[in-house]
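Below you will find one chain, with nothing else, as structure tokens; this is the form predicted alone, and questions on how it binds or moves follow later.
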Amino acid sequence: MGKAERMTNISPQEFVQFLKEQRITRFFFVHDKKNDRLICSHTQLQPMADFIGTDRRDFMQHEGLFFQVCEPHDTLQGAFVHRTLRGQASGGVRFWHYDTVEDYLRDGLRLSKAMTQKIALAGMWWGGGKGVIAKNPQIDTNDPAVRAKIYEDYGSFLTSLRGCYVVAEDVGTNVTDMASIYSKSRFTTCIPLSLGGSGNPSVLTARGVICGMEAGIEFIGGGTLEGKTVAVQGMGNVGGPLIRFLFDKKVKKVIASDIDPICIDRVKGQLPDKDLETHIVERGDNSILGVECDILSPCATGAILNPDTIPGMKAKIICGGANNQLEEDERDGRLLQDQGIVYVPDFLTNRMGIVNCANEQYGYVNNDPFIERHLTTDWEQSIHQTTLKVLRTAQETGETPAGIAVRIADELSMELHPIFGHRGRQIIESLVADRWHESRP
């Protein structure tokens, strides 16, 4: 086993211990565009830099990857900055369990790239980034004091990055956590309402997924959501509101699953008189993907549409709120297409969370037109119109919807911010020049 494998095949907790032995509290990998290689802050970590830099699935010339160890809780925290030509990197911070360092790195790389694409398709002047905090199973993350310390440390981490990445809420993170971050950094969105923020954006995200579903049904000539059966994987922040909106649209039935019985009971309690069939499942149980339904809506974790799961799928349309649903865009997009399943790319429909958060700094108006236009059927860059454009182009050209959406998004993401240009890259270069990695958390 090579040095890179020894670093990436261990758990995040083992990696944290290695970093502590090497007296490393902060480190970075920054893309050297001229030489097309990753610059590493520490020679001990060069094998990891080589591993990331030579990957052709998830590494897409990310501008900068920054990390720190949160003490005293031995928690690995990261900020993945993908592309900032359109503006500062923006995206949620995920608090999740990872079996290996490779899983952790790949999730951050994929999520930050998807944020670039999501933001560009939405026509926003931001770049793509993602925060990832690896849960340490040895500490009680339900303890309010422990949790506050972890997120306060993340806020200090953000401040040290000088604004190249602006954080939002994501899986495993709540509004209280965002307040903890905000107490240490102004580079924060999804701040609680009591502090002038916009709060939890999940309800808006669910509304956007509904728009994608309706466009998908229109594309196949299937009428409306009324009378349809929908399967939803995940009943949390997005899946729960989505289920309520589906019944508002008069669907016939919803079949839903979650790993958390509390989430299930909460949603069932809100919809006592609806045809809602629920299942408690173990982590990694994707059996709901194979149920008979009109629409399948993944609203949990990513990479669940792959050669192992796709052959058993019976849905006509897939449209959900989870990020990075395809394990590999082209391969799995083609498998779905060959099976006659219409796939609505996730980063096309689940944009509303970041639309809501990114607009916080501009204040609030009733029925904000800069938010509501994304949910209309007539605006050119609305979820509905963009979905139809992608699906119709795929039908005409034989390309996959995912491939077309990525191509359009990538082209848009290369446009420079009309005022500040490539400022995010300038910030990253200043961090390297000032030896950011030698600063103390």
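A residue's number is simply how far along the shown sequence it sits, counting from 1. It should be emphasised that the depicted structure is a prediction, and the values quoted were computed from it without experimental measurement.
Separately, the form predicted in complex with nicotinamide-adenine-dinucleotide exists; it is not shown, and the next lines address it.
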query	finding
Interface residue in the predicted complex among Gly155, Gly78, Gly236, Gly197, criterion: non-hydrogen atom within 4.5 angstroms of nicotinamide-adenine-dinucleotide	Gly236
Partner-contacting position among Gly127, Gly131, Pro201, Gly208 - heavy atom within 4.5 Å of nicotinamide-adenine-dinucleotide in the predicted complex	Pro201
Among 85-93, 215-223, 267-275, 315-323, the region lying within 4.5 Å of nicotinamide-adenine-dinucleotide in the predicted complex by heavy atom distance	315-323
Heavy atom of Gly340 within 4.5 Å of nicotinamide-adenine-dinucleotide in the predicted complex	no
4.5 angstroms heavy atom contact with nicotinamide-adenine-dinucleotide in the predicted complex for Asp294	no
4.5 Å heavy atom contact, Asp285 and nicotinamide-adenine-dinucleotide in the predicted complex	yes
Any non-hydrogen atom of Gly108 within 4.5 angstroms of nicotinamide-adenine-dinucleotide in the predicted complex	no
Sequence-ordered list of residues in 61-81 near nicotinamide-adenine-dinucleotide in the predicted complex, where near means a heavy atom within 4.5 Å	none
